[in-house]
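Before any questions on binding or motion, here is one chain by itself as structure tokens, the form predicted alone.
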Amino acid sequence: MIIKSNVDSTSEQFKKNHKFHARQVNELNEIVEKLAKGGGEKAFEKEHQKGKLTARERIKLLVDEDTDFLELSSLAAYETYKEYVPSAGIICGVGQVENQLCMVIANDQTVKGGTYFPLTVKKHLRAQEIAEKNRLPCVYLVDSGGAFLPKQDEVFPDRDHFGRIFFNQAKMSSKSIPQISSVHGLCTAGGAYIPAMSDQTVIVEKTGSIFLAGPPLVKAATGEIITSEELGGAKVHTSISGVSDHIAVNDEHALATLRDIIRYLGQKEKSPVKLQMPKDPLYPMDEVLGILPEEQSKSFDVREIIARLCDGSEFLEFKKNYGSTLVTGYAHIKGIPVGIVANNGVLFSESALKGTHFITSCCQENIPILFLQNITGFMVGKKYEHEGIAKHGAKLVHAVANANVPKVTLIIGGSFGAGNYGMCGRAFDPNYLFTWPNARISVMGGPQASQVLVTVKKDQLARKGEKLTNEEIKKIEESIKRKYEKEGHAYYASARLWDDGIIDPRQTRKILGQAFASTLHYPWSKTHFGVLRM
């Protein structure tokens, strides 16, 4: 059951790989560190002069001391707008508050006044989706000017735009998932519904304000001249309107009040999963950087990654000698039982059937599933089509889609084509999806895409009696490869929230433990599978 590692950390290839991936990780950490500064030191100082804390300072005071905050989608909106919008101007993540795991959603008021860009909305909605799926109480630290008006057509009218935030609050509250707000600054227009739709709301005296229309708009609409405090300040909403339930003298007091509220929440029902005492793996996580090849096209044994993730490096492999390009088996991560489905090559019919069998077994036994993606796709060609690769792949897709146990996906290499779907990509609704800096995701690889498109172009011209020159072929190929390299890059994907964050591979075990832990405090629904084509 214990995986015996065959890694030689003294080899030149290991050292070369390690150096390459360490450089990628250092670049990622530098970017994340810069984004964490939000609008910059001057903007931070301005907030402090008002007697306010920054968003990250608020989160630090809110969560339990000496616990880790699992921040999600740090690279959201990275290099996507002409405006600088670090982390999409909102900080979201899972933190422990009074021993209760909560989803924390905090506006960063130093970034464009905490206003909502399209990707800010998407990030907020994804945080609510995770909270609803895992039944986590939501804590909203509000300090926002509402929608970013120049992009109102991308923020306001559609189903998954700004209004969906309030819809989600209503639906979660109806499912007994607590919605709790603290208003630290502006909370205007549609944004006023965040505290108004919450089960309980705190507001900070003198800095917090809630109104559907601010003083300038009130004056324009009615001619009434009024201050923000008179219109929608803390005293108004705690003693006159009843929009808020608790008044705080400053940010620190508000956060202490939030902790008190959460302390009095009812006890959550536990899931039926059996935990054990965590054990460290036998091999250091840092070695992952040397195991991963510098060139993504090169293969490696995924068991070497599993050995560095699992408690005691213990792994009970399932159907080891059948469908060997998919590795499946049982393990524990931070004491939590997990079933692991990991790519070790292209998916054949046997691999798909093995994966389907294993996933149904996990559902039967209430075992969460970890998907480790490094997949070029399903095998193609006449032989495999005649053998029914499409229907066997469909069985795997059925199993992944319907599995009602918690699912966490980690992309550790390539994620291409239908392989992305069969291995629980974003479209298949995993509880969390993380990537490593070396990850690539697209419908196919750049070289393959360039060959396909050159062939299509050749066929089009051949019908006209024309043909491409070698120079034209090379130009098309290089253009497509550049496009796919840019759009398949982990940063490009994470900026658009195709994942829940790029993580340092060395922190993977800790982060997976946090992610799975957040899924364990409610009973999971029974899994029902649909019709499988035989």
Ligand code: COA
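Since the structure is predicted, the reported quantities are computational estimates derived from the model, not experimental observations. In this text, residue numbers run from 1 along the sequence as written.
This protein has a second form, the form predicted together with the ligand, left out of what is shown; the following refers to that one.
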(message) Exactly one residue in 112, 126, 161, 259 has a non-hydrogen atom within 4.5 Å of the ligand in the model of the complex; which is it?
(response) 112
(request) Could you check which residue among 281, 437, 329, 145 gets a heavy atom within 4.5 Å of the ligand in the model of the complex? (result) 145
(message) Within 4.5 Å, heavy atoms only: does residue 188 come near the ligand in the model of the complex?
(response) yes
(request) Could you confirm whether residue 482 comes within 4.5 Å of the ligand in the model of the complex, counting heavy atoms only? (result) no
(message) Whether residue 34 contacts the ligand in the model of the complex should be assessed with a 4.5 Å heavy atom distance threshold; does it?
(response) no
(message) Within 4.5 Å, heavy atoms only: does residue 467 come near the ligand in the model of the complex?
(response) no
(request) Please determine, with the chain shown alone, which of 244 to 252, 336 to 344, 403 to 411, 145 to 153 has non-hydrogen atoms within 4.5 Å of the ligand in the model of the complex. (result) 145 to 153
(request) Within 4.5 Å of the ligand in the model of the complex, which residues of 27 to 57 have a heavy atom? Give them in sequence order, or say none. (result) 46, 50
